[in-house]
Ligand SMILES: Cc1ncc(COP(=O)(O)O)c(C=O)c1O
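Just one chain is shown here, as structure tokens, and it is the form predicted alone.
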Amino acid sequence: MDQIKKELKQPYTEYTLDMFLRSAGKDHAEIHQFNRWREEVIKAGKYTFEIPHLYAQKSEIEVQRITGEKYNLINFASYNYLGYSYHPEVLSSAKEALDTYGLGATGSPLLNGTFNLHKIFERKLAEYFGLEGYGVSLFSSGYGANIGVISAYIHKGEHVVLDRSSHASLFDGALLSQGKITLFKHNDIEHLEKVLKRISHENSRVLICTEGVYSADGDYGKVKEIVQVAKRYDAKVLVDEAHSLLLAGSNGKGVAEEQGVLEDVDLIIGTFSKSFAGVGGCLYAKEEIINYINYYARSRVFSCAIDPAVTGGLIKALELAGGSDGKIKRVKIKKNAKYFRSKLFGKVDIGTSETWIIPVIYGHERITIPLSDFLHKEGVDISLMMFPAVPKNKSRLRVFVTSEHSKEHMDKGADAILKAAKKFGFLLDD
């Protein structure tokens, strides 16, 4: 413990990222201060951010740190949940699309950037969800989908009601809409109803935003209960299924399917960088809404369309996930997540996780840099979150369990976490 106390007195642990968020005058002092902090971390040999990966995001990876050191690591930092980023059939479809359509879309989807391949993907996604009269709008990122959809659907003076644990893209979309923003306590349906009672909804649109799976906590959104409350107050519901599409529900259609309210949700946001293992995002909604969003979502109108090779790969990933391969992998990922949680339960704080995302809350932000470095040297790569991305003193590791992890991978990962917890003082029985 004396070694930890000594390490936490190092200059690079005295700062947290929120300290550089505000202007410090016309001389850009905060920018200079941030860069000095970054250089101190690098000089200390602790810099673990933006690390180049030398190969695909498999369960075992090789990375090269800024010092030039190479590490072979068990990968728990990637949300390549079903392993489709390197699946041979997905890669073959991507290569075929590349040969046919070229490297990039080179234009906005509203103007010259839409290929036949995009229309095929939209149709297949709509067929996958399976509701009559619904369609799909493609975006070049999941972030772009959320900010574009919310800011186009909600107008100035209307209402956006957000779970306090909402992703940054939902907050940013609400801000861009110029709507009135109200927050409710995370997954607290009683508080949501109190919020809705205070809002004048007779002549104003109200949009409630929730998530299928919350990526900081690894818990499910209470989509069914939110839909029930929304109906009583004539509010609309948006569900961000970024971390649950292809994973939750008997057919992988997300938490809305799993909770039996797919037909009752007004707007569903999908992200292609998670279980699809590509990049991009989409809106699934009634066709008249899709037609409107296509013209008024600024992040879509003023961005280039998804590149063809990725689109070709996404089509194959959807086909695989919608068939027997997806059924097998959905069973495997849930089994793996249950096993990993059992290795950590009662020993470290894993919050309310019920899914393939397992947070390990270690607390103080100052531990983050030495902790990340330590885990690398123990042979594992795990994503970290600290304030202001999560509440103060609730910094956490985020373990992304995939269908591709073996028992040996998970044993090694859990052992490294528990060793770190002992070293840095966040074991529950300490």
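In this text the structure is predicted, and so the values were computed from the model without any measurement. Residue numbers run from 1 along the displayed sequence.
Note that the form predicted in complex with the ligand isn't included here; everything after this is about it.
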Give a yes or no for Arg330: in the predicted bound form, does one of its heavy atoms lie within 4.5 Å of a heavy atom belonging to the ligand? no
Can you check whether Asn146 is within 4.5 Å of the ligand in the predicted bound form, heavy atom basis? yes
Given that the partner is absent here, does His167 sit within 4.5 Å of the ligand in the predicted bound form, heavy atoms only? yes
Looking at the partner-bound form in the predicted bound form, is Ala242 within 4.5 Å of the ligand by any heavy atom? yes
Would the ligand be touched by all three of Tyr79, Glu211 and Ser273 in the predicted bound form, meaning a heavy atom each within 4.5 Å? yes
Which residue, Asn336, Asn251, Thr114, Ser215, has a heavy atom that falls within 4.5 Å of the ligand in the predicted bound form? Ser215
Contact residue in the predicted bound form, from Gly312, Gly83, Gly142, Pro359 (heavy atom within 4.5 Å of the ligand): Gly142
Partner-proximal stretch of 274 to 282, 337 to 345, 320 to 328, 119 to 127 relative to the ligand in the predicted bound form, 4.5 angstroms, heavy atom: 274 to 282
Contacts with the ligand in the predicted bound form, stretch 80 to 119 (heavy atom within 4.5 Å): none
